[in-house]
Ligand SMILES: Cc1ncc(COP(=O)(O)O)c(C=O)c1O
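Next up: just one chain, as structure tokens, the form predicted on its own.
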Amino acid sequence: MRQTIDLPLVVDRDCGVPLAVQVAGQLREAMRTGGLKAGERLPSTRGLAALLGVSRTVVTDAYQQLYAEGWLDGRHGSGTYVADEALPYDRPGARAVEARRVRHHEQARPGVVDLRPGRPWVLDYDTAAWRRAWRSAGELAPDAYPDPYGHPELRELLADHLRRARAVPVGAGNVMVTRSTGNGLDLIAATLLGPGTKAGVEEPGWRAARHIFASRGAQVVPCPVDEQGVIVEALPDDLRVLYTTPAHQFPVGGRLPIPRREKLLAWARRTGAIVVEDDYDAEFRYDVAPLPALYGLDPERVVLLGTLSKSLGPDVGLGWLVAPADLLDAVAERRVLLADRTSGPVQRAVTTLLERGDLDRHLRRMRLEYARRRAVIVEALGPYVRGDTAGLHVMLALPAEVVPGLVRQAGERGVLLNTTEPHHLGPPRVHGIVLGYGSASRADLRRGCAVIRELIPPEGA
């Protein structure tokens, strides 16, 4: 049982400095100098406010500022703690504290730093909320005939989540609960595609989308992208479906601007194509506000796909598909024929996480954590970084002749990297490294970035 500590704080109402700033400053100094240690529990906002003779709002504002700076960590129903990551790296034992947190299953060899994309951080979550969610799932009797649309209660909660998080005006009747983005994309492909149809995929883009479309008999058409996203003028008029990642293009990292979004939707209306919008990385934004989802701009021509794989982890196995009601009905009919379904207990567990606000709290914490990791990369490799406004990966733009040797030498030094080459259907157009920072600790990120920086040849060499 962790003990709440007594804090020797004072406030001066006559010094002209806001009280919340005073409280935050004294707490920050205590953590910086070791007066407060990692894992120690702070008093409740109500308790500290009473001790200092200030309003609870003063303490709440101070705590919120320290949360935002990464000094504090919180657990629902458990209290407020000094975060392990708040330890300055020149403090004794600080590196050991973070190293103990890195036990990712991908890092089979000691000392390996895995900087490949698509891997979120799964070691840090609210264990009490997780257990509570699965206890509620255990109380649910198995369904004899699972609803192909998903549990009605969860569909309502997901619709509300999308309205709040993505400003998507959607009702539960437009939402289907899937197992993942890939599952949702396959259901759309099975419903709309077949021999003789054409499906567009960004070039470079997500490899799985190409394989999914091809497995349903469609001809896959590579559609070029630039630093902002898919190039609308290059789209052919005979596509039945176009798969795109407008929030954070994978792997280049572009953010499709509003004028181009409008052009894309005008193209879809003119040609009759369905745009499949993978809302990839939209939940993690840095320095910029999220742009409106394509679905919200034209819900008749767009299918929106999303997942919890980045926010909670791929092993959870839950996502969503948002579509016009008639198309959703057609997808549901096809899903029944395919005997495809989403686990009932998983749906019940996620319902509990959404009902209690646990998922929202987890997302807020992880946004701050991923922002700190992104800052490590930008600081170390800034001149080469592209697409760093969102998500869990960036692209390092490098000359084509440099990339293979750099990746090989980094691997020999224990740093695993991924290049842009495999994400092309045709000859590579974009060259560089797709650098993921979801699953590596900040200490390992620093080490990996240092290795990369050493291996990049000097300009003109």
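Computed from a predicted model, the values in this text were never measured in an experiment. Residue numbers here begin at 1 and follow the sequence given.
What follows is about the form predicted in complex with this ligand, which we do not show.
The listed set 351, 191, 174, 307 contains one residue whose heavy atoms approach this ligand in the model of the complex to within 4.5 Å, identified as 307. None of 257, 152, 314, 111 but one reaches within 4.5 angstroms of this ligand in the model of the complex through a heavy atom, and that residue is 314. This ligand in the model of the complex comes within 4.5 Å of no heavy atom belonging to residue 347.
Residue contact check for residue 213: none of its heavy atoms lie within 4.5 Å of this ligand in the model of the complex. Residue 118 belongs to the set of residues with a heavy atom inside 4.5 Å of this ligand in the model of the complex.
A residue is said to contact a partner when one of its heavy atoms sits within 4.5 Å of a partner heavy atom; residue 284 fails this definition for this ligand in the model of the complex, lying far away. Relative to this ligand in the model of the complex, residues 206, 243 and 278 are all within 4.5 Å by at least one heavy atom. None of 174 to 182, 294 to 302, 268 to 276, 214 to 222 except one has non-hydrogen atoms within 4.5 angstroms of this ligand in the model of the complex; the exception is 174 to 182.
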